[in-house]
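One chain is shown next in structure tokens, namely the form predicted alone.
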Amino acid sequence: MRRLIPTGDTARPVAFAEVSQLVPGPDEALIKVEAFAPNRGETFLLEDPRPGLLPGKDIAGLVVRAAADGSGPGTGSRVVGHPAQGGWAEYAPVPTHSLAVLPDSVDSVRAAALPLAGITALRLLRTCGSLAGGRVLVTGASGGVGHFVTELAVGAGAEVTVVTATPVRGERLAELGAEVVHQVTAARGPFDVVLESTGGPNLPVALSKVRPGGTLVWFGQASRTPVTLDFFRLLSGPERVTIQHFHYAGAPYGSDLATLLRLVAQERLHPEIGRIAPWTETAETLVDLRERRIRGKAVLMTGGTE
């Protein structure tokens, strides 16, 4: 079968290879991949790929072999999956605890755009607790996580302000009900919760926008610039602020995937997909995603429908 493998070349991060099909474990279903969605974090891993890296965590497709232990969806089911790796291929084994069956109204493109960004958004908002009537600031908001967080937080009754690099990247977020600014300094605080994903000089500024007793949840460093916090400046800022590190990972994912699919089917969640392309254009798409030339998610199609 064909699989995309890392090249170590930043200009063309992946290339096709003919490889043997992976053998599923007893609790894994074999999925014929129809669509997959790369994440920006994966583009960084491809700059200096570790030996044996098989990229691909967000996929949608068809179960062609159910799990041997009888768990999970049966053969012929249309599913979305979140494997640990290996999804950029014609076939991928996925643990059944990280699969969910698609409703008839949800296509593979939208489903593939959900897993990592959608699960991150769901779990971030659970970390924050009730947001009804609260004020929320989201930095680095024009990616997949930012769109999901914004729509879900607005839907939960929060007043949301988002930071995007340009007006174009903020258009969809404004449609979702957020106030859009283009510098963290322009955000009109104080905020009950700040969801910070850029790092670098933005985090201390974002921290200064938190109300006394509020929370900053740090879930990314998209700028790839280290953060420096000055203790003495903290003393003159909001008091009793909590800084919480967050990382979404931790299987099982099936329940969260099912929740995301239900919200999409009910038209309460709308994946922002900035590009749909054949998987022959994966290398170019990865570069554009890394360089922030794609708003929201990119979805690659393998042509693997039946």
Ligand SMILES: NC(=O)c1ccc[n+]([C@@H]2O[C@H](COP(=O)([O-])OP(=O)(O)OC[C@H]3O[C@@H](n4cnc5c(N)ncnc54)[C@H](OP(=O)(O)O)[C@@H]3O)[C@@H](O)[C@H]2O)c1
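Quick caveat: nothing in here was measured; it's all calculated off a predicted structure. Quick note: we count residues from 1 along the sequence shown, nothing fancier.
Omitted here: the form predicted together with the named molecule. The next part is about that form.
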property	result
Val180 within 4.5 Å of the named molecule in the model of the complex, heavy atoms	no
Proximity of Ala165 to the named molecule in the model of the complex, heavy atoms at 4.5 Å	yes
4.5 Å heavy atom contact, Val14 to the named molecule in the model of the complex	no
Partner proximity in the model of the complex: Asn202 to the named molecule, non-hydrogen atom cutoff 4.5 Å	yes
Candidate from Arg78, Arg169, His97, Arg211 lying within 4.5 Å of the named molecule in the model of the complex - any heavy atom	Arg169
In the model of the complex, the one of Leu216, Leu102, Ala153, Val145 near the named molecule [non-hydrogen atom within 4.5 angstroms]	Val145
Candidate stretches 274-282, 233-241, 27-35, 247-255, one within 4.5 Å of the named molecule in the model of the complex by heavy atom	247-255
Residues of 193-228 having any heavy atom within 4.5 Å of the named molecule in the model of the complex, listed in sequence order	Ser197, Thr198, Asn202, Phe219, Gly220, Gln221, Ala222, Ser223
